[in-house]
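What follows is a pair of forms of the same protein chain, given separately as structure tokens and numbered structure 1 and structure 2.
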Structure 1
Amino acid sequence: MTELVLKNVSRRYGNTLAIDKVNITVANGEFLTLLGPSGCGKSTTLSTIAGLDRPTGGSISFGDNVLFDAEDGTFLQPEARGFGVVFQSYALWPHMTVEGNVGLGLKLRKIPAAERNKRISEVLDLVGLGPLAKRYPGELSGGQQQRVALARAIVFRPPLLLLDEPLSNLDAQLRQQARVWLKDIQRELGLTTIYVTHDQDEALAMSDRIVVMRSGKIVQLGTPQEIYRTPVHPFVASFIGNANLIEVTGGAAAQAGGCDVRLADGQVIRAQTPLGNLNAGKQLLAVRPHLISCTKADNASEVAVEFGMENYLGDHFEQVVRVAGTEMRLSLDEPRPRGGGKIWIRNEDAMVFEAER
């Protein structure tokens, strides 16, 4: 089985540490997503794998091939790695037809014309662009250009596919469609794929596993379900699922991994502790907007709040409430009248973390 292995990979630019001792193992045929906000190091990590950026520490191997090793100076050039790469900018040659753009890599690899034409035809049919083979990029929509870029990356049958925010230039509807066919193609071809995005919906919908990054480091690595349901850090809870984060003070430990925490105004909420018992002092309570109820619920903490402004978002309302000097967001079918009121937070839906880790 061919695995991609990154061991303690770091990349420093002067005094700036862009990625810091990143350790990842990607299995054969896996779809792994690097997820995080701008500047977290996800694109830099992808570039080190592609060979477009040389790390300053650690090692990278793919199967039996060492791509980079800081200790002995090994560095395999990008063209020798043979990976397929698709960037945010599709970088298509405007003077070449669709089939010309797709087949350029095969031509440079001196693939015979008959075999080249066969592969071009197969891959264009795979991405649904067979009838557009003679068109030029300027005659295509953004979604079609994106498919050309993908076809060009997979036509030479790369052992690893690297995608750097390839859907970011598409509108919302096209992005949703593209997620489906891109994942279908990846599964059909069995391509080991590393995908970079800052879009949590893309990551959850497409990935076998997700690497959540922040400030050049891996915060959590796991399946989409693990990342969403059992975050190990308040940043993960807020970035995946947009959880409210509220500063609280820890109270007495409770059974089943939970504890009581106090808001600034003294109100008590029962919450789960995903990482076990917490130290005394300031902590962060994480609650997702759609898990907060405005009707009384069993095994729930009752909290007095002040209802504020609401926004209509199509399938739901988002309403702001003020509690203990801070704001929270609620996801509701119908907004509540502004002014004083109550909300209920179920014990199992609230998570508490140490404020600084």
Structure 2
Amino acid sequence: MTELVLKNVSRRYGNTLAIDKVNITVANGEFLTLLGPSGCGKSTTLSTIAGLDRPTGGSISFGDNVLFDAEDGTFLQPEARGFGVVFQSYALWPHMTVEGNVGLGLKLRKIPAAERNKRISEVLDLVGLGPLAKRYPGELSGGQQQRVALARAIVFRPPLLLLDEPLSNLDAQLRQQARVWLKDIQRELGLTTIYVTHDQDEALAMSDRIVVMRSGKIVQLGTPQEIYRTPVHPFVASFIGNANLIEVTGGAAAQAGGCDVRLADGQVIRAQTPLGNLNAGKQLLAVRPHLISCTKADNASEVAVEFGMENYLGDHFEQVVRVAGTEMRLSLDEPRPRGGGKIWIRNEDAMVFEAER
């Protein structure tokens, strides 16, 4: 079974570690997303897989082939890896037609013209650009360019498809459509895919598994549901689902399960810790804005707060509440009057993590 395996892959630029001992295994046919804020190392990781960047440590293998090994200095050049890559900028060659862009990979593989033309028109039909084969990239819209970039990457039937934020240059509506379309093609071709994005919605909607990265390290690896429902790190909770992070104090807890934490003003919130491993003292409480309720709920802690500013966001309001010298965001259908009030947080929605060192 063909598997991509990254073992302790590191990339150092001078004194900074762009990626730090990253371990990932990608199964055949899987859609894996590298998710994180800019500068987290996700694009660097993708570049090392593509062979466009040479790691400074670790090893990468694909099936039986070693692509990179820091120990013995093995490094397979990108052209010898044969992976399809879609660049964030699309990187279409402006001096070649759509056909020329898509066909170069086949030409370099010395595929005869007849077969080549057949494959080019096949793949252009697949991405819905058949009639535009003779156009130049400069004559295409952003969405069309993005499709050419994909066609160019899959036309030579790569065993692995690498996508670096391919949708980030599209406007919001087009991005939604392209997401569905891209996922359909991936499923249809059964392509093993690694996808880099900073957009949590994209990641949740498309992936089989998500790797959340921060500062060059993997923070969590799991299915979209696992990542969203049971984040193992406050960063994951806040990055995916915009959870409020509040400093609290609490007792030690070795196992996962229920626990109590105390806000700075002494109010107690009944919560649960997904990992355990808590030391007594400073801890972090994560609560998602839309899970905070302004009406009494069962199995919930009641918290006295001060309602503040609201912002109208179209389908809902976001309102700020002040509590114990800090702020939380609430997602509400209707804003509450400013001033004193109460909110309820259900025990299962309040997640406690060890404070970040």
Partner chain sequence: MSHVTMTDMPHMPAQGAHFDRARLAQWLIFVVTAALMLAPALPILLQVFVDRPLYAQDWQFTLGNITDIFRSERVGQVAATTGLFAVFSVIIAQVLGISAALLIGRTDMPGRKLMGDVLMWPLYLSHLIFALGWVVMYGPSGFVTQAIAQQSSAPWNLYSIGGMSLVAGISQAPLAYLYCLYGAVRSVDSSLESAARTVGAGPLQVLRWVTLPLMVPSIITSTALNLVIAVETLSIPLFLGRPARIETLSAFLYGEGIASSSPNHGLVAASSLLLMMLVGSTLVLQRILLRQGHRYETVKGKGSRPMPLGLGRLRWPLAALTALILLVTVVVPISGIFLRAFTTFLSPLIPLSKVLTLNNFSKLFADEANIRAIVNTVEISLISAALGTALAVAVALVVQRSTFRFTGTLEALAYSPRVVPGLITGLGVFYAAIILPPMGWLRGNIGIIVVAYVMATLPLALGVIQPAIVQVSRDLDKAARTVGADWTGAMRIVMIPLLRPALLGSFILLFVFHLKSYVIAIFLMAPGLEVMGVSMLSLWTNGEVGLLAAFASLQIVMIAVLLVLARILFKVKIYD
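Numbering for residues begins at 1 and runs along the sequence of structure 1. Remember, it's a predicted structure, so these values are computed and weren't measured experimentally. Each form is matched to the other, and the largest set of C-alpha atoms that superpose within 1.5 Å is called the rigid core.
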> Between the first and the second structure, which is the form predicted alone?
Replying inline: 1
> Do you see a C-alpha shift of 2 Å or more at His95 between structure 1 and structure 2, with the core held fixed?
Replying inline: yes
